[in-house]
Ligand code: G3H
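A single chain, nothing else alongside it, follows as structure tokens in the form predicted alone.
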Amino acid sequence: MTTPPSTLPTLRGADTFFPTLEEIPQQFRLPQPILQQEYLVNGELRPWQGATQDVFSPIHIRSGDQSKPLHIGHYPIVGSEEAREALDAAVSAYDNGRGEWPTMSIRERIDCMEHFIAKMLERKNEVVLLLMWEIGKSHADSVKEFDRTIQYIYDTIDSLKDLDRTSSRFRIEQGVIGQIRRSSLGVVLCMGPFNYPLNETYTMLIPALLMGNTILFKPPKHGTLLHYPLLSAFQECFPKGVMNTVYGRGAQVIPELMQSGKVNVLTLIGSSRVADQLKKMHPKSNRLKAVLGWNAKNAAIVLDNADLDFTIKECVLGTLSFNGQRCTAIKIIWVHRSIAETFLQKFSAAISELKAGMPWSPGVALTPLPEPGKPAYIAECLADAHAHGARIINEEQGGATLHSFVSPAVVYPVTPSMKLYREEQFGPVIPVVPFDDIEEPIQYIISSDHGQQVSIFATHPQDIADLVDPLVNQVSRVNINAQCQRGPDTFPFTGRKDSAEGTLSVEDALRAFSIRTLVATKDTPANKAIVNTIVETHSSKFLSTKFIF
């Protein structure tokens, strides 16, 4: 029987789902709202007396028979003038590659970054709490995001040392002596995503800094306050103008930055539509380098010989980790029709076992959603699917909504006429499509606008091989009997089509934010003497044979 959206179930325990203030454990309470009245520009934490943006948590607080989102703080809404000041500071600090930061040795930059790590660790508890309260991420996952970010910085430093050691030797080819190193690109405009506002932002920001670039940092719309405790660390650990923040409304402040032509690198994890618009604003787009992560509609393909128990486990994690709010999430599942009913039964049962609740609850898997409009969008998708003949399989709680919380809905059978077939839902809705011929999911992936990842679930080696070969030319990561995911951070992370531009990983990111540069001379006794003198007297930071351990 089809479940119409008008009769979606009431959330189990709705009367007490959200807590009263008294029910929040003391260690997870914010001591007070974060009333941010300053921003970082040119090495100064400048006071701000203008308009501010209130920040409300997706966690509602219950009082009597009413619930409302908790006000957790505000941040500055700066204007064009302040954005221009940030841009001027970054441009001045870079100084056409002659500034203090781009001309520092690798060792000196690493020392600054290690100082920053120490300061960052001092603010761990504040950042973790803000992660939890701002975007509804479980406390365990918030801690994991912070720790993973710290490890990423350490791994990036180690990779930079390896890169520098490789570059510390001279090459002699065809009578030419040369040293090849990587040099900075200039001013980087960095905009991270709300779902991993610390980790994914820093996977761009940290390598960009270490390679000698200066930064304009625009925090995400959701997950802004958590960066505030770290502003003083940036101020203390890096030369003035190296790190600058741009708060406020992106549509107001970002176009002017791009139109100036002074931004050398655009790095954004978000919408491909927004990225396209920003790139077109640059007056000399051929000079603009872009490192971008965009939309994805990653598919899982479940063959008739798949190990269903294992497949179910991976698909639950792949579709619903952080409520499905990951670009790497599995966003549509293709299941061979012969096993579809069994798959749906087991999959729905596994989802019903997931714990829903507040981010501090032990073992919680499903939490409130940070985007205010997301529950309404999900309801729209469910209504559209219902109108075109699909049903919610897990009828008992599927699609149940209370304020910012939406219980996962498994929708079947999804067809090309439905929004869920092509649109990236970015939330706890799992569209399932039956197939008879393997060519059906292959053609779906070929015709998709997205090309990030795919997961294949099967036990027959030849079936897997027959899928791997066509799919590696459509997506950038094929997962065999595993969910779609980003890690480990040493693996390349990118996408085809409208899913990415450029490649990120610990090693790739260092290359993405730099360019190979060569100093060369003819192999003559006089030139060798000159080069030897420069190296022996340490006259140049670039021409050097120093070995970093």
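Each residue number is its position in the shown sequence, starting from 1. What you see is a predicted model; the values in this text were computed from it and never measured.
Omitted here: the form predicted together with the ligand. The next part is about that form.
Asn195 is the sole member of Asn195, Ser138, Ser348, Asn295 with a non-hydrogen atom lying within 4.5 angstroms of the ligand in the predicted bound form. For the candidate set Glu200, Glu314, Glu145, Asp164, a heavy atom within 4.5 Å of the ligand in the predicted bound form is found for exactly one residue, namely Glu200.
Heavy atoms of Arg326 reach within 4.5 Å of the ligand in the predicted bound form, making it an interface residue. The ligand in the predicted bound form is approached by Arg486, whose closest heavy atom lies within 4.5 angstroms of it. In the predicted bound form, none of the heavy atoms of Phe513 sits within 4.5 Å of a heavy atom of the ligand. Partner contacts here mean any heavy atom within 4.5 Å of the ligand in the predicted bound form, and among 514-522, 486-494, 43-51, 28-36 they occur only in 486-494.
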